[in-house]
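A single chain comes next, written as structure tokens; it is the form predicted on its own.
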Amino acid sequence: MESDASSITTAKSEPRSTEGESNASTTTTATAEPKSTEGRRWADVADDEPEEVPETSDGTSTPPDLGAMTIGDSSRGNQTLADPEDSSIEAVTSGDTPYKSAKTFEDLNLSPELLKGLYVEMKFERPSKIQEISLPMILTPPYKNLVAQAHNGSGKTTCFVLGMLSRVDPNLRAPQALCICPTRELAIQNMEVLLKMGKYTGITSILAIPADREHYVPVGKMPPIDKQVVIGTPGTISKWMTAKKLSMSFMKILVFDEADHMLAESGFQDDSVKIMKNILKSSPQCQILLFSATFNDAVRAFVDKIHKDLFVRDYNQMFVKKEELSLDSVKQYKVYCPDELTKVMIIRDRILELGEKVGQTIIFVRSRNSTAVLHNSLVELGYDVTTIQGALKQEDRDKIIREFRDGLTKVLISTDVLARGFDQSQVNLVVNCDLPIRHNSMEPDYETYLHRVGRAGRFGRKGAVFNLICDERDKMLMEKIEKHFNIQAAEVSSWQSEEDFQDALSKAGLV
């Protein structure tokens, strides 16, 4: 039997005692999550695939620790909004609905409770550039669908979380907002933001992610979901819908985070379309928000197709130019290594020795086996590192992420399970031990590369990325990445020179 779980939380919860922890009382329920097929993840195995667990009785317990897009044709008479201070962000709107950039949060006609959450809990002073443009499109009737692409670390999460909280009627005890994420880590992270931002609203929420053994409850024993915001993974949400535990009758807003992967054939396209169809059947006016830092051509075409065939309506768009997607605050380097052993030596003797002085480090590898090999090599050499990949038990994944967030560990080895959406402000270094490639091909995975780069230098901070180049294939992949993004990664002259790595960090603004 397979398992998943949800943690019922409320925005009225007490302030967190420490970062990444919540004092909200919760009720835990569970259902079965369908297994993923080969190639449905960008990482090595299905991240949401639950382990076999026996049935347990209902009960209450502590929740998991919450630790350029131009679609459509010009014949629609679209209007263009331009941000005068940041020309890389553009919006293309359909129809004749007027939108005005929001220079302050008060411009958005938010409730006093939401404004208090933004200023007191989130410590915001004014909207970011992406929020200035996207929030009016999200919150202005007639609530058109939005396809939004923007930089990593630019404030996308705030956009759709604020959108969900703004649309919910606190007096209606029924699901009204749904956010779907590709991994449990991202779902938990988004829930943290929602709890913090919506603390004073009284809006309730439920986290729908695969369960560990302790929290498992069969779907048949679940009560119907009456929480107003649902955040979770696609398999869990699909199962709840099929079991008639999650009503779509009152749904006002549906968000896909990391939407390019959610709608890709190699990702969650089938589950995503199923959820959309179910919602449109019961709530045809439900607003759909698609957010990601990247959208490839195939996903763009699919988005346009579903709007014509499924929604039968136009949609608004926000995008950045492809060549401007890489964060300027992150310096990218390439290091030529004679063999695989040298990669380990470079990580150990150069990058980690210097990296300990500037913050935390994430090392990305291509496969589950690679994480184990690198982990064992570094531990044998005396380094305290942790490793995360999709085959770990869910409670172990949560523990590893919590310890990294709390700063108890400084180095994290990961497959691409953490390439997207993982926010940790103290990560200043990213190491691509293996360059990302598309499934069963020799082509670089450009979107994943961009997301990996985005883990360093979050929210405008400085960061550096070291790409380890070992053979002709690595060299070819790196050349294609540089050409695709119109960049030239600087070369570290000698892998044996500590001075060269020190100079690289200095040029990145880290030392």
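Position 1 is the first residue in the sequence shown; the rest follow in order. Owing to the predicted nature of the structure, the values given are computational and were not obtained by experimental measurement.
Another form exists, predicted in complex with the DNA; not displayed. Remarks below refer to it.
Asker: Sort through 92-100, 135-143, 163-171, 390-398 and report the only stretch with a non-hydrogen atom within 4.5 Å of the DNA in the predicted complex.
Answerer: Stretch with heavy atoms near the partner: 390-398.
Asker: My question is simply whether Asn190 lines the interface with the DNA in the predicted complex - judged by any non-hydrogen atom within 4.5 Å.
Answerer: Flag for Asn190 set to no.
Asker: Spell out, yes or no, whether the shortest heavy atom distance between Gly155 and the DNA in the predicted complex is within 4.5 Å.
Answerer: Outside the cut-off, so no.
Asker: Should Asp349 be counted as a contact of the DNA in the predicted complex, where contact means heavy atoms within 4.5 Å?
Answerer: The answer is no: Asp349 has no heavy atom within 4.5 Å of the DNA.
Asker: Given that the partner is absent here, does Lys239 sit within 4.5 Å of the DNA in the predicted complex, heavy atoms only?
Answerer: It does: once the DNA is placed as it appears in the predicted complex, Lys239 has a heavy atom within 4.5 Å of it.
Asker: Of these, Gln228, Thr415, Gln149, Gln332, which has a heavy atom no more than 4.5 Å from the DNA in the predicted complex?
Answerer: Checked against the cut-off, the match is Thr415.
Asker: Of Phe404, Phe295, Phe291, Phe268, which residue is found within 4.5 angstroms of the DNA in the predicted complex when only non-hydrogen atoms are counted?
Answerer: Checked against the cut-off, the match is Phe268.
Asker: At 4.5 Å, heavy atom to heavy atom, what parts of 355-373 sit next to the DNA in the predicted complex? List them in sequence order, or say none.
Answerer: Result: Arg366, Ser367, Arg368, Asn369.
Asker: Is the CA-CA spacing of Asn486 and Gly267 tighter or wider in the predicted complex than here, given a 3 Å or more change?
Answerer: Compared with the form shown here, the C-alpha atoms of Asn486 and Gly267 sit farther apart in the predicted complex, by 3 Å or more.
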